Structures are given as structure tokens and as C-alpha cells.
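Same protein, same chain, two forms; see structure 1 and structure 2 below, as C-alpha cells.
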Structure 1
């Protein structure tokens, strides 16, 4: 064979290989495992959220792989700890996207991690299913989908519950100054005043602040009938203790960050209410999680499971081509999940339907509140 022919054949092979990579996705040989990423808070103030999610993710992966995987290929999850922080989110996504070259991502759970990280996923055109609830996150791009209700709905639900059910007409707010806390403060305030209520005072606090006596003193002076406290766990614990010290003897109601053992296990938080998306978590599912992973299924565990199942279903239909995978997820109507009766998405990537509930801290745990 002549040198010229050899070079020509080699050039054709290079073109074919390159074309295959472009067709099937970045670094995808169509023979090895399909990798997806999980950006979770595995350390820090919301580590229990990460633990809950991981149990559901691992059960889904086990069941999928035991049934033959994705079109004959095994599913593999790469976990990254975003620590529920902005820098953690950016670091986690940079590794998942650039080093691990995952085909899709589940998470973040925390809005502070999601806000700076999601533009990276959009730039790489990697479909991402978030739990983070701050309004506007799904507006970052069409590769971003949310499998937990937006705070646009949670803040409205909280305001209606406080005004209509509890009958409180004068409310003060102490909120975390991040995407999540600010979003809830705005949506709660707008709906509460629309209903005819009065916001007596609204104070923002740094996410990591644990001395909140100054804003609590201002709030006490405003004479509210209730204080709405969309804070992270550490801030909520501080309010539970310091409000009593200051003699602020009114009901406290927070948001979904309070459904963590970091908050509920503290004696001072007993009796505090909070709003959260209503997520199904059946006894059968809990038993499956325990048998497969050895851990107990928490409130967010079903979301980890369903997130992986939605991605797996889309991968079976579309393969790992990013645009086809995005389209398959956007068209999802997932009716066999654990968390909600149906998961399908609005044009902006948010859930079409969502429900919330009131929970209360009782004996070191959160329980669904029934009046």
C-alpha cells in the first residue's frame, strides 16, 4: 500500500472518529458507563439534605443498572460537594462539566450554590435538574429544569396560610440575604399586603449570622403578631433562642431550610412551623431505600430518586446528544415517580403543578401539621 493511500485512509478514520464524537456527545464512546453528576451539600449547614438526596440517587442507579442499564450501558454517578455555598457550587460544576464530562446533573439543592453554577451548565448545554427553589433560576436557560416547587409559589402559600388560616394581619420578616431568602421575602410580602396584611418590619441577615439580637429588637419594637423567618438552619436556631431571650413571644414560621436535623434536633426549635413542598415518601419506598443503601429515606430522598429516573428515561429515548436529551426532558410527563403524582415542566423549566404543606418541629423531628 502506498504512503499516499495510507495517509488518506488515516485521514478518513480521523474524520469518522471526530464525527462520531460530535454526533454522540463530548467524550462519549457509546460503550462505557454513562456518567451523570450530582451536586449536593455533603458538608456544612445543609449536609442532611445531601444525605437525603444521595439515598434516593443510589437506589435509582442500582435499580436501573440491575435492569440492564441505559440501552445496555451502566449508569454511573459522580458526586460533588457544593457545601450549599456559591464557591462550592461553582467548583462542583466546573469539575463535573470539564473533568468528568457528565451528560446531565442532578442538583444543586441549595439556591446559593445554584445561582453561580447553573450558567456553567447552560454554557456546556448539559441538562440539569435542580431542587434549588429561588425564583429565576430556571430563567438562566433552557437546559435548566426544576423538580421542586419554586419559591414564587412557596412565598405565596406561606402568606395565604398566615393571613387566612392563622388570622395574623401584622407580620414582621427576618430573612437570609441570599437568592432563596430574598425571593421568599419578596413573594411573601407581595401576597400578604395584597391580601390586606401589614408588614411591620423587614430585616435581612447574612446567611451565616448567628447573633440576630439587633434585627430581632427592631422587629419586637414593630409589634408584630407573627415573625416570618426564611433563614437557613443556623439562623433559625439563633432566632429560636434569642427571640425568647428578648421576650418576643409571637409565633415563628420559616421555610424549607428548617426541614433538616441541624434545625429540628435543637430543643429551642420545638414548636416552630415551616412551609415545604409536599413530597410523597411512602413506606414501600422507605423500605427499598433502607434495603439498598442502609440509610433512612428523608423528605428529599424521593426527589433524588425521581431526578435520576427522569434523566434515565430521557437517555433511553435520546442518547447522550445534549440537544436531544434536553428535548426529551422538556417533554417529560413522569407519572410513575415517588415524590409527586406527575412531574412535567412549564416552558421555563418549572413544575406545572405543585403542592405545599405546613410542618412543625416536635420532639426533635419535623412532622406534618394537622390542625
Structure 2
């Protein structure tokens, strides 16, 4: 027998075996555990976000399975590391969708991972609950839902706070030139001018730039009453130092990237404000996470918990049929959550009611700011 023939027969065998496995394998999952995926950054700069989410996810899964699972079936989570990067996102989603054939996905947390990965979930019609905040992600399709407020709302909230509460009418903007920063810049300036305020100057900066003296010099000559700085932590620290050196003595207000130790632990950032989605994180919940998983609950932990809870209750009602599951999630009105008082979705999959708060850096930490 020639080698070509042997190879040909082997190929046919492989196809038959794989085909049979796919057919019967599918049948198996109807009684076996229900798998959901979690695409999180577990390595790299943003690994702490992944770890925070994981604590909440594990607690929810444990509680659900202890109470008998979903209609008798256990819930199982497959974790994939998206490393907060675009290629990481597609790799994680490809594995979750094709190899693990999950019924639903929680994550990504990072917009760069989410942007290329979400179309895959939509193609497979697998409902996905994202935390990533870039506007437009939910427009990818009707299977994408967001359990964290979109940047559109954050920029709008910041504009309203600056104009109405702080009473500043002339504001300059220095923003990070990435999806997040440009999103905030756009929504802030649109809302601020709509309210009647003036944007005296708007300067973009490379995400990694730390010499921001010349943009700040320009901003200073435009005489703003406040500078809005949706920048990452390193750019924020640079602005904190350099604006003071240049004698730009007006209030600074940034976005949710500032709620990290690398920003708040620098003395120069003392007194800088920022906006952030207000997520409840009760002591009772923290204690439950600690008891069940041994980790300390962080900012995003309640979102991991609520994400799984929402999927689980939809699975209980609708089963694993993708279309029924999507409809059940879209109709969610979840009021027993640990993150927000009420999670329900707009037509496009964004959160209906989002709450934000203003925080301020004080003594190396961030704290809630009330006037």
C-alpha cells in the first residue's frame, strides 16, 4: 500500500472519529456540568483585575453548586488568560467557544481584549457579559451585555459634576490617545458644551508619554478653571508633578485609571479627583469571599459574582439554548446583586442605571469625596 493511500485512510479515520466525538460529545453535555467561560487578565500589568474578578466568580459558583446547581446540573467555569491584550482576547475566546463550547462568557475586563474577541462570541451566539468600558463594544451584537457602566456615561457624569457641582465653566482637557481616553474626551466635551461650558483647550497625549510639559504649558495659557485629565496612571503622575512645576494651580479631575496604588501612592497626586463607577462592596460580601476562596475582595470582585449570578438565573429559566438564554439575560432585572442595586439592560446591552462617584486621593489612598 502506498504512503498516499495510508495517509488518505488515516485522514478518513480521523474525520470519522472526530465527527463521532463531536456528535456524541454534544449529547453528553446535556447531562454533564454546564460550562461557562471567564476571559480575564491573569498575567501581566492588569493581572490584579483578573484576580479580583476570580474571587467573586468562584464564590458564586460555589454557592450555586452547593444549592444543587442549575436544574440539577453543576456549573463549571473555564478560566482563560486574555492578558489584557488584543491577541490574548481572541486566543481566549477561540478556546472557550470552540474547544470548551461554553454556554456563556464573563469578561473581558479590558477593552483592548474585548474589541477583537467579542465578534467571535457574537458569531457563535454565546451571550457574553463584559466589564470592559469602551463605548461601542455593546454595539458588536445582541449577545453582548455590559455589567459595568460604559465610558459614555462616565464622561457625561464628569462633565455634569464639573459644571453643576463644582461650578467650573471653563475647562481644558488633556487625554490619553487610546479608545478609553478619546471616548471620555468626546463625551465630556459634548456634554460640557451642551450645558453651556467652554472647552479652552483639548490636547491628546500618547498613552506612554510622561513629558507633558508642552501640552500643559499650552493649557495653562488658555486659562482654564479646571483640567480634565482622563489619562493612565503614569500620565496622571506626570501631570501631577509637571502642572505644579509650571504653576498650573487649578483642580485636576481624572477617570477610573487613577484608582490604582501606582497613582495614589505618589505624594504629588494628593488632592486629585477622579470619577469611577460606584460598585457596592459590602463587608458581609467581603467576608463571604474570604471564607469561601481565601482571597481579599477588591473593587471588581462583586462584578465577578453578579456576572455569574445573572448567567445562572438565566440558565435556570431558559436552559442552554443560545437564543432563549440571550432573551432571558436581556430581560434580566436583578436587584439582589452585590455590585449595583439594580442590573438591567438597555436595548443595546448597556447598563440601564449606572452610578458613579467622585473619589479623591488623600494620604496615599483614594477615598470617596463628598462636598
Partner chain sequence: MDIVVQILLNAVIAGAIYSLLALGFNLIYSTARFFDLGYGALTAVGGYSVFFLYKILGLPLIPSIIFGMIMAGILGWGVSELVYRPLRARKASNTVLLVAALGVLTVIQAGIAILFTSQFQTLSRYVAEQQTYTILGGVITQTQVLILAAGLIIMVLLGVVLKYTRVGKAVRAVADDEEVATIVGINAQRIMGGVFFVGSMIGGLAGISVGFDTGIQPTMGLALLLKGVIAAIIGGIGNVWGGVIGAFVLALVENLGAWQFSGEWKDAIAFLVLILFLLFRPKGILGK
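Basically, rigid core = biggest C-alpha set you can superpose within 1.5 Å across the two forms. Numbering follows the first chain given and starts at 1. On a predicted model such as this, the values are computed, not experimentally measured, just so you know.
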Of these two forms of the chain, identify the one that is the form predicted alone.
1
Output whether residue 34 and residue 128 share a rigid part, with the chain modelled as two rigid parts between structure 1 and structure 2.
yes
When C-alpha atoms are superposed, by how many degrees is the smaller rigid part rotated relative to the larger between structure 1 and structure 2?
15
Can you give the C-alpha shift of residue 266 between structure 1 and structure 2 in Å, rounded to one decimal, after superposing the rigid core?
6.3
Between structure 1 and structure 2, how far the Cα of residue 257 shifts once the core is aligned, in Å:
3.1
